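In structure tokens, one chain follows: the form predicted alone.
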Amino acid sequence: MRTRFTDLLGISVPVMQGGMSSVARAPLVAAVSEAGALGTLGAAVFAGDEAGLRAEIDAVRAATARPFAVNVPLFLGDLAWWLIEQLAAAGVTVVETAGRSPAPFVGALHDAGMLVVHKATRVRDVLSAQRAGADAVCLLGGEAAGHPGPEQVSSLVSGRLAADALDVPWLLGGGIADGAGLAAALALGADGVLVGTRFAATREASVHPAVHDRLIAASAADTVVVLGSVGDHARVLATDRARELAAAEAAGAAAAELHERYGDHLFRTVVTEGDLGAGVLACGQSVGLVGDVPTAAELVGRMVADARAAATRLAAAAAGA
């Protein structure tokens, strides 16, 4: 499947796996890239661990010769610059950035030979990233896991608003877990899709089997948005822990308490140990489309086949067949 995004990255499937903290480790990243899509390594978990980050990058390269990306969160400037320094030294060629404007960072990334795919939740923010020099952008709809922004506009609407305004290759994310979603994004004008939650439910993801079981059992309605009261909207699986967090927020808990309850360190405990009572679990509404735990290659293959089937249905409808 060829688009401007596949041409830019030198890949064969217009699917980018989200750089999910703790979940997207070398086995998943390499498997996604080897299948023809773009795997993305979650790097923030290696903050301050130069040897660990380099070993993880080397592990990806040992498993695939195909392109892959590394996630660089920008909301903490010191961490962002440290990661950029480490990735430049390691010869990484693609980064996924998010969290704030990439403008202060794009020049250094380009000087280091890296392509920049910037992820944002509002149309005006991806347009700003385009002006700042991002090589590609990803627009997340309100259905997405993690931090989908305060406006909570669906990917269907966001995608149409962005389509005529963007000149660089762009991806659509949020609510996409299969080939029909990929075909829909392409029909909207996107050059591909970003997929997170569905890749968390693959065999190579660094996720405890108990978490996989919970993802399979969940419906599309089993997520909740928290931290909105402090301007940090986050979509998570509707576990007892998440409901406790929402209740504390409704009762007027301070930002420090809310972020401590949400904490990324707790997320790592949940995904690695399977203890869903230990913390919250970032999860998109596409969890309702998760019915099994295939390999990453099987999932990518299904997405391609199903997208082609959807395109055939569309062509038949257009032809009046």
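Bear in mind that the values here come from a model prediction, so they are computed numbers and not experimental data. All residue numbers are counted from 1 along the displayed sequence.
One more form of this protein, predicted together with a small molecule, exists but is not displayed; see below.
- The stretch that touches the small molecule in the predicted complex, counting heavy atoms within 4.5 Å, is 136-144, out of 85-93, 183-191, 136-144, 223-231.
- Taking the partner from the other structure, the small molecule in the predicted complex has a heavy atom within 4.5 Å of a heavy atom of Gly19.
- By the criterion of a heavy atom within 4.5 Å, Ser158 is excluded from the residues contacting the small molecule in the predicted complex.
- The small molecule in the predicted complex comes within 4.5 Å of no heavy atom belonging to Pro169.
- Taking the partner from elsewhere, Val300 is found to have every heavy atom lying beyond 4.5 Å of the small molecule in the predicted complex.
- Of the candidates Val117, Ala205, Ile176, Val126, Ile176 is the one whose heavy atoms come within 4.5 Å of the small molecule in the predicted complex; the others do not.
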